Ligand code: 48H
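Here you get one chain, nothing else, as structure tokens; it is the form predicted alone.
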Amino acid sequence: MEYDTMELDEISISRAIVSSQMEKLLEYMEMDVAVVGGGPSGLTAAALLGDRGFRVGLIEKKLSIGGGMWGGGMMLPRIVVQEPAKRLLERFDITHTPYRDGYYVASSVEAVSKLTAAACDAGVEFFNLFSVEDVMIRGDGRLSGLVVNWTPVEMAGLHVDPLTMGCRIAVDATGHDAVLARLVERKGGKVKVRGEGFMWADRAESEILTHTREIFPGLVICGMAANAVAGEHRMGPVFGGMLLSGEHAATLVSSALRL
């Protein structure tokens, strides 16, 4: 049928959206990995885990994916990546140009777009405008799921009971806020969030892989959330450490789930 003669059926459009998304939501009520936070480390971890055959859901509280990478440095849409992470730029086909002494410059918009596309291609399911307000920890003392609500509900301060999503393991990639780590800490789990230090790019970049680890049974932390938990410094718009941290988180999760 030619489009100009097609009669749009608003009810069918709405049914298509609701039915298809509810089907996905029901499917992901239980998943292998819940990655919370759609910034560079979360996207990298999700894409690599999806490629390895795990059922991965990525939960993002904002409408858009990409976290702090979108804005580059001070809204100049360029990011810097150092030599150790160059292979990940190549892995995700992100165009980059050498600057000097092992520094590479890339478009922040292209980087986010390519990472997001890679995650989609790997079968990752996105749940944007979802906020995590609590975690599930049962008698075995292991994180086994997330308690979620719509972000607009949180923003409006409404009392609306949440839903739960089960997972075998969760990845906290929520950046400076370290949301899951703080929830576990607040509820009495053996986690201490020290808070991030002042700007020291070289130190922050060089130590982030050390801080990317399982901090609580069933909870792996990566990206700036890892530095925030460890009391490590921040690094600004250099993103190689974010990519490498996401990759390392994916390796840790893969090993844990295949034991």
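Everything numeric in this text was worked out from a predicted model, so none of it was measured. The first residue of the shown sequence is 1; numbering continues from there.
The next section is about a form of this same protein that is not shown, the form predicted together with the ligand.
Of the residues given (Thr116, Gln82, Ser131, Ser108), Ser131 alone sits with a heavy atom within 4.5 Å of the ligand in the predicted complex.
With the partner omitted from this view, the residue of Val220, Val36, Ala228, Leu49 that lies near the ligand in the predicted complex is Val36 [heavy atom within 4.5 Å].
Shown here without its partner, the chain carries Ala45, Gly57 and Cys167, none of which come within 4.5 Å of the ligand in the predicted complex through any heavy atom. A residue is said to contact a partner when one of its heavy atoms sits within 4.5 Å of a partner heavy atom; Gly145 fails this definition for the ligand in the predicted complex, lying far away. Looking at Ala173, you'd find a heavy atom of it within 4.5 angstroms of the ligand in the predicted complex. At the 4.5 Å threshold, heavy atoms of Arg213 stay clear of the ligand in the predicted complex, well away from it. Taking the partner from elsewhere, Arg203 is found to have every heavy atom lying beyond 4.5 Å of the ligand in the predicted complex. Of the stretches 187-195, 26-34, 49-57, 230-238, only 230-238 has residues with a heavy atom within 4.5 Å of the ligand in the predicted complex. Annotation for 89-103: no interface residues with the ligand in the predicted complex [heavy atom within 4.5 Å].
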